Ligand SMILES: NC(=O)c1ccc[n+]([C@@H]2O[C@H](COP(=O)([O-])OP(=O)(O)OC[C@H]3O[C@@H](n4cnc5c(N)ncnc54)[C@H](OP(=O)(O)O)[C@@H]3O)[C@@H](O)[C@H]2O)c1
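So this first bit is one chain, no partners, the form predicted alone, shown in structure tokens.
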Amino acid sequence: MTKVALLGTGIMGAAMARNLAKAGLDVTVWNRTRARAEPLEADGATVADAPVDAVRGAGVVITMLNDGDAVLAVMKDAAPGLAEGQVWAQMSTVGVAAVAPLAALAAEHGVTFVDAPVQGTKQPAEQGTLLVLAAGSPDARPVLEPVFGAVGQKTLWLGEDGAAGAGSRLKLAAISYALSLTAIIGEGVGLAEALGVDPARFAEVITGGPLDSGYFQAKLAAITGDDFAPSFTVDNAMTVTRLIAEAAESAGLHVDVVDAAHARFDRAARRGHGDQDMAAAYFAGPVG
């Protein structure tokens, strides 16, 4: 049985841990706020008091944390428990610049580093239907197959050099679309209302046409139904749009729509919606 240590049991990490345990893997979890990890004991996971305790003896280590700085700090805390031959699947969204320092830390301890962020939010995580975007040594693939199979419906292997961050690069390109579209949907609903148009009419125009999508319907329903239970929070959207902008700048590219989306997420957060679903960027519209 593969022993898996999962560090970070937020919205995504907790769902992933449940699916790993359901698949029969030996799962140990850690979270900075222990109370957020303790419910996973009912699903068969062991809760560790510290990162070093979680990773000790694990065949696979998964990090699912907020950003690259958090991942690096936690893995430095875990380092005394790391052992040569372990596989570290870094599945958080950390951007491009953060990958190299993480890979260097892994190499320092003889750990095989796999850059493997996931595409998907709360519901796919709960259903075990995430898309894993993985780059790393082929030697790690047999070890990771049951792990990735438990949390995702498909794994795209993108190359053999995890330190190059092929997974993270593709993740930023893909998620830029979702974040920008979220901001656009909220802006469209807000504009309809500001112009005295029933949002239901706005929805009627889009629904069934070439601009319709399941994603449009989900975020529209969240906004019009005033249901902002988080799948991916406004605060997280702010973090990721910043990472996208930084990566684009280093590549010599303007990302005007992402920059505009970041401004809306930032404004919504400052208005008290940071811990709500990113559809709450809708609240960034009114002037003042």
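Residue numbers here begin at 1 and follow the sequence given. This is a predicted model, so every value here is computed, not measured.
The form predicted in complex with this ligand exists for this protein as well; it is not shown, and the discussion that follows is about that form.
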Inset, instruction - Find out whether any non-hydrogen atom of Ala70 is located within 4.5 angstroms of this ligand in the predicted complex, and reply yes or no. - result: yes
Inset, instruction - Would you please decide whether Gly120 lies within 4.5 angstroms of this ligand in the predicted complex, comparing each non-hydrogen atom pair? - result: yes
Inset, instruction - Using a 4.5 Å heavy atom cut-off, state whether Ile62 contacts this ligand in the predicted complex. - result: no
Inset, instruction - Determine whether any heavy atom of Ala268 comes within 4.5 Å of a heavy atom of this ligand in the predicted complex, and answer yes or no. - result: no
Legend entry - Stretch in contact in the predicted complex with this ligand, which is absent here, among 103 to 111, 87 to 95, 185 to 193, 139 to 147 (heavy atoms within 4.5 Å): 87 to 95
Inset, instruction - Would you mind checking 6 to 36 for residues with a heavy atom within 4.5 Å of this ligand in the predicted complex? - result: Gly8, Thr9, Gly10, Ile11, Met12, Gly13, Trp30, Asn31, Arg32, Thr33, Arg36
